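Below sits a lone chain in structure tokens, taken as the form predicted alone.
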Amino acid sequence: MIGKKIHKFLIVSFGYALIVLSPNVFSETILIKNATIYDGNKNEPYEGNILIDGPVIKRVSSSDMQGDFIINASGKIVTPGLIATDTNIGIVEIGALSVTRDDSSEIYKIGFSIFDAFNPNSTLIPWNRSNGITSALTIPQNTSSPIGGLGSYFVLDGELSITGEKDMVMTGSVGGSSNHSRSETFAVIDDLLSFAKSINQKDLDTDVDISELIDESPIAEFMELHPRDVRALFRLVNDDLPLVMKAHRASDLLKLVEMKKKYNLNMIIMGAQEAHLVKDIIAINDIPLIINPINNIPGSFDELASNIKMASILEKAGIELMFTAPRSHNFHLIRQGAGVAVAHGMSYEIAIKGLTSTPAKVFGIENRGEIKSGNYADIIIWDADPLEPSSMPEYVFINGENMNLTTRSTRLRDRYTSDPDKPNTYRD
């Protein structure tokens, strides 16, 4: 009898422990009320409420809803979390210190991946997150090959269990930043893509098979490619892997369009300061652009036709636009760039999409970039217009979790502005 009572007590106690310890049993819902919503889908904002349940958006509606934790966002703009498309977040801390850099390789070229180097405790994450960046593409430096280096996508929640997509974009570059002849650069790219096109899936069964391919290819042998590089090349021409090419000069852009068509590439062009000169061809060939509207004066002979109204011109041509920032580390400046574009004719709603839903669409990032039922709850509540540099998030949600907006900068500020009667070394 006593044994049965003890057994029953243990079962009840264990069940109670499960209820107390399980994070999902009594998980709170979060209701954002009366917000001005730019959802990343509709072209016009609307007043509404957003219900967050766990990591996802449960409902978006103008009707009344109930939630366990309620935020009155009356008069506030709410957007999806911003997606930065050109960063070194998590792989570089201080550019001038090589010991803090994991963005380059001395061995691999085309197949170099930065994924395993990503540091979720990077100081760049809370700084950019507190400015509205909730996820980012982290890409390596350009390698010695004009195409090469695999970038990955990361959710910037700071968790050690990293959420992201490995090796989901390849990078490349042509133009004045290279020390090589432009003609040679395009010839090398063409030879590499031609080599990749000649490969069959069965040729990639083993590293020995791939090494034989390399020995038989003049360009692969000259470039000293490794099996990892060849596999990445194969993905580029066969698996619709996005290729982000950095280029500015109009004539270079036209050559990239030709390569896209010749090899059926999933191409995105970054920089593109002279894109408005060839906008119709870019639009017809459905090539998205990643631009920096802050960089609106010539910075090289490749950018002589730079135009402050370029974003507006490209939008009217029907080209999908995203943004890059002019300074390393401060990748949140993409919203300032979007604001500059709006100030010179770009529509506000398309600029917001260029920071949110357009990157998600172009790079195949699922269930992010839009505020809609079923998507992950990456949501920003802004204290003012998000395209104004002085505006800041009041709340940042990633996967439905309310992020701590404390950064090293805010800690330093608080340290040196609190307890003024104490010496600096004794302040918290």
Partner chain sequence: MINLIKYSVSFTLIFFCFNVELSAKPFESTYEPLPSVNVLIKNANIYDGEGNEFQETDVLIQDRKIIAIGKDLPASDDFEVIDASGKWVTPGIIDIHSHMGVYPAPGVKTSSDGNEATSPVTADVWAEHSMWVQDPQYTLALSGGVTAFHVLPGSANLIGGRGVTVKNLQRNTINSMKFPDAPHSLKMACGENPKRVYGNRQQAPSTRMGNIAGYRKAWIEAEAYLNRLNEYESKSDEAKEMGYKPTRDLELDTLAGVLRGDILVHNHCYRADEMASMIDVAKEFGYKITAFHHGVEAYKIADLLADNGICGALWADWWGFKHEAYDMVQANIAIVDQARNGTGCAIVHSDDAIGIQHLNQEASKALSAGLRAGFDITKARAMNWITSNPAKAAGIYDQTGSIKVGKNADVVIWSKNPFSVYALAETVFIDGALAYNRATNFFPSSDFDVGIISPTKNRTEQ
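Positions refer to the first chain, counted from 1. Predicted model only: the values in this text are computed from it and were never measured.
Not on display, but discussed next: the form predicted together with the partner chain.
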property: Among 146-154, 108-116, 337-345, 180-188, the region lying within 4.5 Å of the partner chain in the predicted complex by heavy atom distance; result: 337-345
property: Position in contact with the partner chain when the complex is considered in the predicted complex, options T358, S135, N295, T171, heavy atoms within 4.5 Å; result: N295
property: Interface residue in the predicted complex among I91, L243, A325, L124, criterion: non-hydrogen atom within 4.5 angstroms of the partner chain; result: L124
property: Partner proximity in the predicted complex: L333 to the partner chain, non-hydrogen atom cutoff 4.5 Å; result: yes
property: In the predicted complex, K260 touching the partner chain (heavy atom, 4.5 Å); result: no
property: Partner contact for H329 in the predicted complex: the partner chain, 4.5 angstroms, heavy atom; result: yes
property: Heavy atom of G318 within 4.5 Å of the partner chain in the predicted complex; result: no
property: Heavy atom contacts to the partner chain in the predicted complex at 4.5 Å, residues of 381-400 in sequence order; result: D383, D385, L387, E388, P389, S390, S391, M392
